[in-house]
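The chain below stands alone and is given in structure tokens; this is the form predicted on its own.
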Amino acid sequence: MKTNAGRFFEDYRVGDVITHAVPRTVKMGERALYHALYPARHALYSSDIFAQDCGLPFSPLDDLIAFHVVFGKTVPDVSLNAVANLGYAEGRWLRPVWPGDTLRSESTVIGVKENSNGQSGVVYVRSVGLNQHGEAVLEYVRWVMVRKRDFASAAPVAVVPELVKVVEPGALVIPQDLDFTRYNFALAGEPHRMRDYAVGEVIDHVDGITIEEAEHMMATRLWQNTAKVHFDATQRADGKRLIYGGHVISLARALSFNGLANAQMLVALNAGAHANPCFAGDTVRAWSQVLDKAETAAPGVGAIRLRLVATKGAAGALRGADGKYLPEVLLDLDYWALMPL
């Protein structure tokens, strides 16, 4: 048989190393399409001149372009037969991705645990994105619920990895020569620097975006994400295509510009959960909460830890009295970004 039906839960073994096909060279076309699909407008990823004033040779590609490309490469081997992508941890952007770089992905299976229904299980992988020089540009852990091929097959020995809850500020990788001492707040779009934000502060990003069916499928194809649940309406009992979780992440990040225009570069992904499914027709709104702040060794550069929530509901509403996510909450993302001190 020459076609690939994808891996099922029982095909994974802890310690397996998977080299994903196919390498991809990313250029300005990816940026243009990214900025068309999402209202992305952070200055460092929009202007060579702005980036040069911040010490970089020119503007790198958006950090979430790197994430989507690296993620998309893993799908045929990790989540083609997924029920859902459940969460993220220990993510770090390790170096900028420049137009013309060629990216590829590798993953190591670090955990497996069958679900109690015997029909699926959770697979944990640590994935890394590499450029044409073999240098790591991004790493993260994610866990995915994957269907079983044979419900009667024996459950593997459960291995659930211990993951750190937060990437420590000292482990953040700051791009070489980044310098915010000449940062132009007028051109960036807002006057607020890190000292203007208080830990615990909640920021309502005000705007909303209604997701369209064709738009999310175009985005998912752009990142070469082939997971069946995003395209094939027969994969779910309700006959709906599931919106790719990364699409929601990029929408929420773009919406966060209103209130966090100076949170320029993502440098770590501490944790993330796709709390509830998202479908075409849903209107996505976003709010953030400041969780922590730290200085870095780079001139004028601070690190701000933020919770980013995508929701169909109100700002600040996250969990019910039972401790579970409210049904209108779509995404709960904990990340570090770089911001002028």
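From a predicted model like this one, the values you see are computed outputs, not experimental measurements. Position 1 is the first residue in the sequence shown; the rest follow in order.
The same protein also has a form predicted in complex with a further copy of the same chain, omitted here; what follows describes it.
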Does the 4.5 Å heavy atom contact test between residue 203 and a further copy of the same chain in the predicted complex come out positive?
-> yes
Give a yes/no on whether residue 29 approaches a further copy of the same chain to within 4.5 Å in the predicted complex, heavy atoms considered.
-> yes
Answer for residue 188 alone: is it within 4.5 Å of a further copy of the same chain in the predicted complex, judged on heavy atom distances?
-> yes
So, in the predicted complex, is residue 40 in contact with a further copy of the same chain at a 4.5 angstroms heavy atom limit?
-> yes
Quick one: of 135, 168, 196, 177, which gets a non-hydrogen atom within 4.5 angstroms of a further copy of the same chain in the predicted complex?
-> 196
Contact assignment for a further copy of the same chain in the predicted complex, among 228, 95, 149, 126, heavy atom within 4.5 Å | 228
Location of a further copy of the same chain contact in the predicted complex, chosen stretch of 255-263, 114-122, 151-159, 85-93 [non-hydrogen atom, 4.5 Å] = 255-263
Even though a further copy of the same chain is not shown here, does it sit in the predicted complex so that 36, 221 and 241 each have a heavy atom within 4.5 Å?
-> yes
Relative to a further copy of the same chain in the predicted complex, which residues of 166-180 have a heavy atom no more than 4.5 Å away?
-> none
